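Just one chain follows, in the form predicted on its own, and it is written as structure tokens.
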Amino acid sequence: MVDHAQRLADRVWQRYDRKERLIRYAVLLATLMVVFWAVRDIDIFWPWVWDAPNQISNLGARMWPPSAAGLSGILNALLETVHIATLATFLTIFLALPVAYIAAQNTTPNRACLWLGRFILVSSRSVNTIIWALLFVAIFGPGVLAGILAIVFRSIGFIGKLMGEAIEEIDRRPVEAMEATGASKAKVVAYAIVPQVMPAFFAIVVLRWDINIRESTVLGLVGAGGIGVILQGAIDTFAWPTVATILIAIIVLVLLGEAITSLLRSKVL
């Protein structure tokens, strides 16, 4: 009896039993093997990696101090970047809301529309903004139009998916009450669905506008307008002080966008 009590006292509590620990170790080993295989397969030139700190130091020395030359052009490009993000967000609203409506299970007219809406949302989110920009630059040529359309086609998936989820989470009782009175479909949407999703709508649009500002800063690298065009030109001509000025301007723009969106969301929510 004493020996049994002593054995119970000597037991140490463990979160996982022996089988679970072996499974966890096997998963960890498999993960490490996959990571090792991936690193070997991408063929990294390691001398460049080890020399990266020196290169960063040299590049920083060439960038400092930032150059004020062409500051007016940089500011105009920043304004163009904001215009791209704002116009793209505005256009996305008119395209994404119908898609969100047919992609929500409780408002879609039929299964075909449901899968069509979800296909559009998945297709939009599957392609990166830069890829969309490259496509539209090839179609419309370099310029702001390609950048706006690239952000629009990328933003449809974001706004449409979140708005579709917001529509699916609405309270069905106001909808059923209006349908019971014989209200038309348009009135049901306007008076029973829209009021419930308006807070989510404003929050999603403001958030997407903030994201679009960030994304529009790099579209110029592929010729789709904005501050990225000047940045690419400065890099190509090794004008590193100008590159530093542009990078600082982009950081300031992103911070201002973050502050504005935080203020707007606090007012809405």
Partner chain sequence: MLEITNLVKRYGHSEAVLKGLDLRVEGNSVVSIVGASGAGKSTMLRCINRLVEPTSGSIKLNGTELVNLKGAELRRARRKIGMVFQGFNLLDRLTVMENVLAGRLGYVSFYQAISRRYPPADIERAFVLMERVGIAHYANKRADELSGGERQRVGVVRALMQEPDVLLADEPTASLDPRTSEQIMMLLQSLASELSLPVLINIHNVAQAKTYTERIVGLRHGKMIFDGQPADFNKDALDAIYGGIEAPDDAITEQLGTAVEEPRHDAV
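Positions refer to the first chain, counted from 1. Computed from a prediction, not measured in an experiment: that's the story for all the values here.
The form predicted in complex with the partner chain is left out here; the points below concern that form.
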Against the partner chain in the predicted complex, would residue 186 count as a contact residue? Criterion: heavy atoms within 4.5 Å. yes
Does the partner chain come within 4.5 Å of any heavy atom of residue 78 in the predicted complex? no
So, residue 97 and the partner chain: in the predicted complex, are they within 4.5 Å at any heavy atom pair? no
With the partner left out of view, is residue 180 within 4.5 angstroms of the partner chain in the predicted complex by any non-hydrogen atom? yes
In the predicted complex, residues of 165-201 near the partner chain [heavy atom within 4.5 Å]: 168, 170, 171, 172, 173, 174, 176, 177, 178, 179, 180, 181, 182, 183, 184, 186, 187, 190, 191, 192, 195, 196, 199
